[in-house]
Every structure is written in structure tokens, then in C-alpha cells.
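Given next are two forms of a protein chain, the same chain in both, each as C-alpha cells and marked structure 1 or structure 2.
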Structure 1
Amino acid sequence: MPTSRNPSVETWGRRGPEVVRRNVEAVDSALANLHEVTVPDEVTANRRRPPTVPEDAPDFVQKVTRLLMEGQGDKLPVSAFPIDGTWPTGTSQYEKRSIAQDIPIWESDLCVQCNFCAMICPHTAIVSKVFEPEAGKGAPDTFEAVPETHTPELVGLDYRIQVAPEDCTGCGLCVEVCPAKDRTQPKRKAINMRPLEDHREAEASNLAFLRSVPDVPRERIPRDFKSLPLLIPLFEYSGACAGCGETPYIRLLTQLLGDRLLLANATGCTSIYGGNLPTTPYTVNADGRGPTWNNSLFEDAAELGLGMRMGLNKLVGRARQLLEDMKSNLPAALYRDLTGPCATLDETAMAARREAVGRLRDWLADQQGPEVNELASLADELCPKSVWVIGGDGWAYDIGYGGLDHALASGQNLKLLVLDTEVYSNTGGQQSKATPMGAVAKFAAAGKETRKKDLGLLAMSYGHVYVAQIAMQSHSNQASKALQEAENYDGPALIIAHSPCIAHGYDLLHSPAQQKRAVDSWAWPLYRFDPRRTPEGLPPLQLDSVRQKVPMKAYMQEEARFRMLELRDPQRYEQLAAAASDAANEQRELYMQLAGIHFEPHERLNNPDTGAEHHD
């Protein structure tokens, strides 16, 4: 056997002697522990590989998805694909990877029902759920539930934290943020990482049971940040990196907007883990409805979303027109129920609207004529929908910026969510205009010299755009508020979301603490800019971060992208760190002034009628 010592030095020498020593030690102990395995003359095992997808998976998953997962996609005939370009969602649940060695196991006696674990999980692999105690009957023996005792609105329901053992990546974030500790043994929390093999079977059947338990009506769940994770997530088990900081934002969005969400997705990580092949994490609720997702290119997501919005406006306009034309024949109550106010976040109104659309369909079934048929095909458009554009910083700050700007300027009711990892993550860490000063990235190997573009400020300059900067791993309250304010705003909104990523070079287990440092150092200030405040005489900009609580370096020193520069060129690092600190100070001064600006209360005069869909 050739000695592998020299390759260790060649490959790892640049990292230092300790890395070489450990690699050599690993090789040596591998050699020392070799033992012979005798291969029997004939096959004696009677175990078989488990099927790629479970036997109860839907037909499409058996016939198409399975082959894609097995790498046999080329064998599929064109006739196997849906004819209209659509693709079924809800398929990631059939791709059981079981990649974690340890998974979180719940200790119900300690749990304080804060739902932080479910809020932060990048893979929706741990969920919190409330349900009628009756519905828990017939559960597996290991399925434990406790009365919900922390939210007055939910009294009488049962509560359970459930891991998806075969979808968990073992990142540990849920345990990291769990605040509940055993008083005599504080190492023991309300969830603890335990070996997958000890719990896999039991938790898999618990999960299957929990998924079959009916959800309580959406309007029962309060919309504060602690309760939001109780809403059913329609984005689950994505293939993002363990610990990814982008995915929780998307999951939260699907929890807030559920089946009324239309997504235009820029190409990038979001479209890779969010896309349809071989499986898609976007899924449907018990009624079979879920987000609609589309991806065109990298650069045109905002335009795609704008087109979706304007197309929807046309359809809604036409449906309303038809409704008006039939008003004299329609039962008055039905007409009223189809035209009253209905905001996408108003669950009671949305449920009533869906029910009214059902009645409209029943009524239309008894009518005759081409317009009747047309309205029947458009009836669903009477339920308001929300269009969100999702993409990374490479799209929003750089390559798709023109389109993003165009979409904001349009004044349309369109929301843009920028998952800002401060580099092109998916292609391997190239700098973007969102890369902060002093960070090492591809094409900025000596550390980026210029400031991060202030995308939020550019958007604020329009005056009619709702803008927020958020950081949900550490400040989920402010993030939840901003997402809901943006959705409720009848116009364009831009949300810039701090997204920890493996391209930052640290253990993402620490991302909640590190993100807090980013906020506290003003590397990532939190704010909300709401144009609705201006007519009231209030400054539209509200700073959710005020003071600089830790020095910029306290944030920078924790990530390899900054440390690489510090180690290579300490002087340049000092200069850039000082310049980054100055930049943050200047930005803070400017923002404080904007947040202190005074307007006289006034009517908005030339509120442009954009023809956008207003929440009637």
C-alpha cells in the first residue's frame, strides 16, 4: 500500500502543522485498524434496499419522480410529463435522505411552547402543532402530547413538537435556540440531539400520525411571532445546506400566506432547493391548495412577478366585470360576499370568500351562456392572491437590479423578498454589490474595498415603497411584523433579509448569535419604512436598531470571510474594518435623521391609480 503521508503535507500543509498531523494520524490509524473481511462464495444476505420512494407515494411520484431520483431521468418518455408545463408540488416528503446522525428529541415536561425551534429550522424538520385532543386518539404509543398552556387563544388544544427524523439534517439550530432548561441539569433542554438510529422508526410513525391530524382553523392561531410557527408550513424538507439561513424566511412566508401565495423565483440557491426537480419542497394543505411557484431566469424575476401581478389584475378585473354584469340576477347576499373587503391576511374574510366562491360555482352551474362559463373559469380569482418575488442578492443588487427597480417604480401590489447572503452563494461565493466591506470573496480575494450597496435606501427614495430590513434568526419578532406589514401594504414592498450561509465560513449553529452581532454592530441595522405613516405626519422610517451595541470587529472576527483577510494582511484588515465601522456610523447618522423627520399630517394627493388589485 502506498504511503499517504506526503500527500497530506502537499494537500494540507498550507493550513498548518496541526491539520497535517491530524490527517496523517487519521490515515495511520486507518491502516493500523484494517482487518480482513472474507467474501462468501455466494450471496447470503436477505436484506434488500428500501424502495427509493415509499410504496404509498402518489402515482406521479412512483412513475416520474422516482426515476429522476434514481438518476434514470433519461429513460422517461416526453409523454410522462404534464402537458401544460406545470409540475406537481409536495414531493420533497417522498425523498427521505436520513442524513443526520443525531436528531432533536422532545422532552415535553420542560417545553415552554415558545416554538423557537420550529421557527428557526431551515428544513421544516421540526414542527410544532396544536390540535383537538380528540384527534390525538389512536396515536402510536410513543406519540406524546401536552395541553397547550402558553397561549390563551389556544386553551383546550393539545400541543406537540415533532421531528421529521429522515428529513432533519442534524444542524442543531433548534436545540441551540431552545430556551427551556432542566434546572438541576441545565445541559438537558426541552429538545436534545440524540442518535437517529435510536429514534428513527418511532419518530417516523409519530410524524406520519401528526401529519394526518387535522389542522385547527387558521383564524384561531394568533399572529404574534411566537404563535406563527403553529400555522401549517407549505415549504418543507428542502435540500438547502444544513443550517441555511434563507429557507426559514420562505417557510414563514408560506405559513403566513398559505394557499394564496404566488411566487416568482430568481435563479440561485432559492430556485435550486425550491425548484421542482427532482422533488419540490413547496407543498399543499389538507384542501390540496398551496403556493404556486415559477422560475424563469436569474435576471428577470422581478419582471416575471410584475407580469404575474398584472396578469392577475386583468383576470380579477374581468371576473369582477362579469360579476357586475350578472348583479341583477345574483342573490344579493352572494354578490355582497363576493365583493366585500377581503385582505389576504384576514383569515376569516378569506375563508368566507372561498366559501362564497363555492356558492357562486353552485349558482353558476344552474345558469346558461358563454359569460357564465367564463365566470366559472375565473371564479377563483375572486379570492385575492399575493405575488411575491424571491431571490438572492446577486439577483436583487446586481444582475436583476434594473428589473427590481422597475417593479418597485410600477407601484403595483408586488412584494420582493431578497435573501441576502452577501455573495453569489449558489455559484460558489462570488462578490456581489451586497458583499460587505472587508469580506473576502471570489473576485474580491483581497477583501472588498467598497461599501455594501444600500438597496433599502434606494427603494425608500421612491416614497411609495414599503421597505424593511430583517434578521429572523435573532429577531423573529421584528421580521414577522415586517412581513405582515409588507403584505398588508397596498403597493410594492421590498424586504431585505439577512441570511447566514456556508459561504460566510463559520459553523452555522452559531448563526443566531452571529446574526445578533451583525445587528448590534450596525453591520445589519433593522428598520421598517412604511409610506402609510407619512400622511399621518409620522416619519415613515422606524429604526428597530438604534444604538451600536458592539464594535464592528466583534462581528467581523467571527467569520472566515473576514478572518482570511485579517490573517493574510492585518494592516489592510484594520483599514477596512475601520472603514466599515465609519460607514456604519454614517449610515446610522443618516437613518437617525430620516427617522426623526417631521411631516405635517396631510391627504395623499396624487395617489396614482395603478390599476393594481386593491384589497377591496
Structure 2
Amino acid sequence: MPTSRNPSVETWGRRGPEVVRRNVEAVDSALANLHEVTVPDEVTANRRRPPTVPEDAPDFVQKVTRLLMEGQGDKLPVSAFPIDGTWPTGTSQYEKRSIAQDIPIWESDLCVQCNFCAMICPHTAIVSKVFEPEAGKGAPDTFEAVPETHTPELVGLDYRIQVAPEDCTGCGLCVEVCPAKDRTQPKRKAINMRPLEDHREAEASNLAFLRSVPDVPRERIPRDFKSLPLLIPLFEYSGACAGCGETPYIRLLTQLLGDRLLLANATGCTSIYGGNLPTTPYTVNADGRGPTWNNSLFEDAAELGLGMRMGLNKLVGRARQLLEDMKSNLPAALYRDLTGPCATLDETAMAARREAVGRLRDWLADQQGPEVNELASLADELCPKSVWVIGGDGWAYDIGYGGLDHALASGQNLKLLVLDTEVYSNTGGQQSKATPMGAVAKFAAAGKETRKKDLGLLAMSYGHVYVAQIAMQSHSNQASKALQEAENYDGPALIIAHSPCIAHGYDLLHSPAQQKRAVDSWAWPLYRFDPRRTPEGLPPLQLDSVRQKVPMKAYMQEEARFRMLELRDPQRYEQLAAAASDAANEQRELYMQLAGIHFEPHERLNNPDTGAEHHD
């Protein structure tokens, strides 16, 4: 007698009974609510759709971007596109998706001005901004600002948290990390989700006004992790997945470096949300300057970045040589201002250097000769720029590892940011060498049985590479320190960033807590390896997470990529979970030895913590 088949279990059963129940409920609900929709013979609506882009949008957006957004790109002639292959930035602000039913609304009476909401937002749909009180005059009636009271350097300025209502995806992460609660109403925070339609018009007006408010000079904003979100982001409104764990790192990088940032991008998620036509999330500041973004093939982003760095070095060298040749004729003060120390993160020095370059151009305008013309064309190279390579773990650990290794070995002043989702996210969820032991992925359907490749340890073995492993959502202070140390390091630097992803199989609303479990279980240790510490007699490796606070299984059981294996093969799951725990213990003991931390071999779960800061 044939056994009865349950198509629902066959289709969704590997993901657990709760997933089966929810899918069956969704199908039954859809069938129960089917009804006929009568289509009238004539159009009776008296409403019209708003224009795809506003009338005041730039000419290129009106003539090219708009048609692409409307699906009419085939009508564009070749002559409509830039002849050199460049593409305007700052265009994602015109692609209003309005996909969130509820959006975060700021309630200033509870706000403690921690800026965590702005730091964690994957789409820059929330920004925190300080500005001169005079600049707030003429604001809409619904526009509220309060005095900045939590940062001494900013006292006297006004402060506001602002949502971009039509760009928010409704992920709720901002509410999740908000620490300010109403004691009389515990569910009420300084940020609360409210219906979009109740606030859309007012918040859109408030956003437009805030964007018109002059920015406070960058040099006035402190560089501590709570103040960094006040720097104007030059990466906004990307099309990344709701709750994406990658994009906040990129936004923070643009806040730190502003318009002196040159990016070499590896094809993958970062290219889909970073430069996919018709719009681009990288944007410009009030002076019309912003990051330069370049994308190459999946496998050679590091080589592209290395070429950019070496080409830039050549241009800078030539500009300095021409400057030296003209030294006897240049005003002494001008020469001094153009050749003195100037670091990319030193806002005061950068502002002075740009002013000096302007004076140089004025001086060159009164001179003649081919060298004069050449120096005029290269004058901007006297302002330092930073070259960063960004991409995912599929690029860094796998397909592009040879190029990454070559770039690190070169000794060039090149920075590499690996947005590690531990899986090939963009191409469907295949395992990479970054996939942890026990995780289910394509080509690892029975759970990956080998350890995750230790990319950081391989880079450390060179001895001249700055290396850090960071987790921004749970330990933002350590992450911001690492990014700034990497930028200030005169040589190659590698940052490996924990990036929660929908491929991990849990609601990314809970990613800050789950990221903390990854750190506390040593599935994702935090550290900074700085070769500059060695001359000071200190070990170059500093562990920012020492103690194992939770068992490995407490981390693994919260993600479907591990739970799927437990449902299919409980015995194999137990074996791989135990092996993953042993691997974490061995890695921890090795790293503690390298960091010069003494320990007893039996100490696994009771070592003192370093007190690394985290949101919760």
C-alpha cells in the first residue's frame, strides 16, 4: 500500500515544521481570499502618478536616468551616454521605492544622541546631523531640532535625527539598537516604527529641508565612534537587501574619508547595490566632490586597486618633482604649505592643503611654459587620497585570493575591506572558503566539514600588513578604531568585517544580538594586528575579545544554515558542532599565545573579558 505524500513537507520540510506551517498558512490564506476584481470599460481614476524624477533633477537624470528607470532604455541612442564610460554619482536619491509600510520616527524627548540608529542603518535612510541654529530658520512646522548636549566639541549646535521616508526598507534595525526607553512605556523608544502614510509627506519635506542645511565643517566633528555618524555620508539609498550587514561599513568608510576615497570594487553584492544602473548610491558633498568608484571583474579587484595605487603614486611623484623644480620661484610660504605633513584623516591639514592648492593655481596662472601647464593639471594630486579595495568573501578568500595576496605582499599603501558573509551571497548561496564548519550551503548540502580559512592569520604572517577583524553592529567602537588605524598605517591593511546576510537564515532584525553571539562564542574573534607595536616592545596582535562567553552551539542554533543540518542529520550536526567548538578553542589559544596573553590550557569559558564596547 503506497504511503501518503505531503507535498508541503517535501517542499519545505528541510527548513523545519514552523516553516512548513507558515507556508501552508500563507497558501491557504491566499486561496481563502480569492475574489473577482471587476475591470471597468473606461478609466475612472482621477489620480495621476507623480513624475519618475522631479522636475529639478539634473539634465542627465531627466534625459537618461529617467528613461532607464521607466524601462525605456532601449530608446536611448549611444550618443546619450558618457563617451569615457564614467557615470554620474548621487542619483539613488531620485529612485524612490517606498517599500516600507512602517518607518522610524524620531521622538526627541527620549533621545540620548548616541547615533546608533544612524550608524547601523543599511540604507542611510536615517541620518543624524548637527547644524548651526540659525540654519534651522524657515524649516517646515513639523521639523524639530534640539540642542546638541552630549558632545562637548559640538555644544551650541542643534541636533536632529531624520528619516528618508521613501528610501527606508522598514528593517527595524534602528529601533532594535536604540538604547533610550520610556520607563512608563517600555515599548516606546526614541525611535519607533510608525505607518508610512501617516508621516510620508511631512518627513519628505523635513528631509528636503535638512539636506539644504549647510554642513558643519568636518574638522569640528570628533572621531569617536558615537560622533562619526554625524559626518555626512557619501553613500546613500542603495538597493541592498533590507537589513544588509555590508552597507554600514561602506557608509562609515565614506564618512571617515569623504571625497578623498578611491574605491576598487569586486563584482558581487557590492557592485549590484554599489554601481548597478540606472542609479548610483555613491554621492557628493556640498562642494560637488565625492568618492570615486570603479568596478572590475570578480577575480581581480585587488589588482585593480593596486594599479590605481601605483598610478596615483606616479602622478603624485611627478607633481612633487615639478614643485621642486619651481621651488626657487615659488613663495616660500606656499611651498611649505604644499609639502608639509598632511594625512587623509587630518581634516584641518586637508582643508589647509586644498587652500594651498588653490593659491598654487592662482600663482601658476601668471606663469608660462609646458611644466607650468603640467603642474596645473596635476595640482590636485598634492592632496592625499586613499585607495581601498572592497568585496565579499567569495572574492577575498576564493576567486580573488591570489590577487589579494599579491597586493598585500607588494607593501604598497593599499587598504582592503572584506565584507564577509561567509557564503557566495550574490550568486545563490554557494559555500566559500569563508563558510564556517557545519553550515549548509550549495555544494555543502550535508554541512561544510572543513574549517573556515583563517584569512587574517595568513595576512599576519607577512609581518608588514595591518590586519583587523571587526563586527560593527555589536562592537562599533572597536570597528571604528580599526578602520582609522588601518587608514593611518603606512602600508597594506586588511579589514575583515562580519556582515550579517539573509543567507544566514534568520530575521536580520536580530543581527546585532546574533553578531554578539558570534563574537562571544569565538566564531568571530575581534582583534587588531598592528606591526607598529613591535618597536614599542608590545605584541603586534591585540585581542579585543578574549573570553568565550557562550558555547558554540548557542550561536549556531540561532541560524537556519546550521539548523537545517540538525533537522536532516542530527548525529552529523552534533559531530560538526563539537568540531567547530574545538576549532574555536584551538584558534583562541593560538591567538592568545601570539598576543602574549598567558592562560591555563583548561580555561575555555571563564577568561576575563577585555571590555570591548558594544551596543547592548
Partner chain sequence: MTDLTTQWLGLNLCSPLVVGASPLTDDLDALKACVDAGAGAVVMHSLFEEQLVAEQMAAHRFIDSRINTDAEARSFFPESDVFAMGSSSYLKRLEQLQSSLDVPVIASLNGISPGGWTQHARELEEAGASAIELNLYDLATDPSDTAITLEQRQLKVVRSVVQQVSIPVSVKLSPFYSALPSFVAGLEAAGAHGLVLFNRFYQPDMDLDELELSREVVLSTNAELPVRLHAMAMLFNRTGLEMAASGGVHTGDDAAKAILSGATVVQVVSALLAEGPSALARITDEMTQRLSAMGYTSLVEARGALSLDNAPNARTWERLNYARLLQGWQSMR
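For numbering, take structure 1's sequence and count from 1. For the two forms, the rigid core is made up of the largest set of C-alpha atoms that agree within 1.5 Å on superposition. Small disclaimer: the values here were computed from a predicted structure and weren't measured.
Student: Name the structure that is the form predicted on its own; the other one isn't.
Tutor: Of the two, structure 2 is the form predicted on its own.
Student: Determine whether the C-alpha of D41 shifts by 2 Å or more between the two structures once the rigid core is superposed.
Tutor: It does shift by 2 Å or more.
Student: Once you line up the core, how about T11: does its CA shift reach 2 Å between the two structures?
Tutor: Yes, shifts by 2 Å or more.
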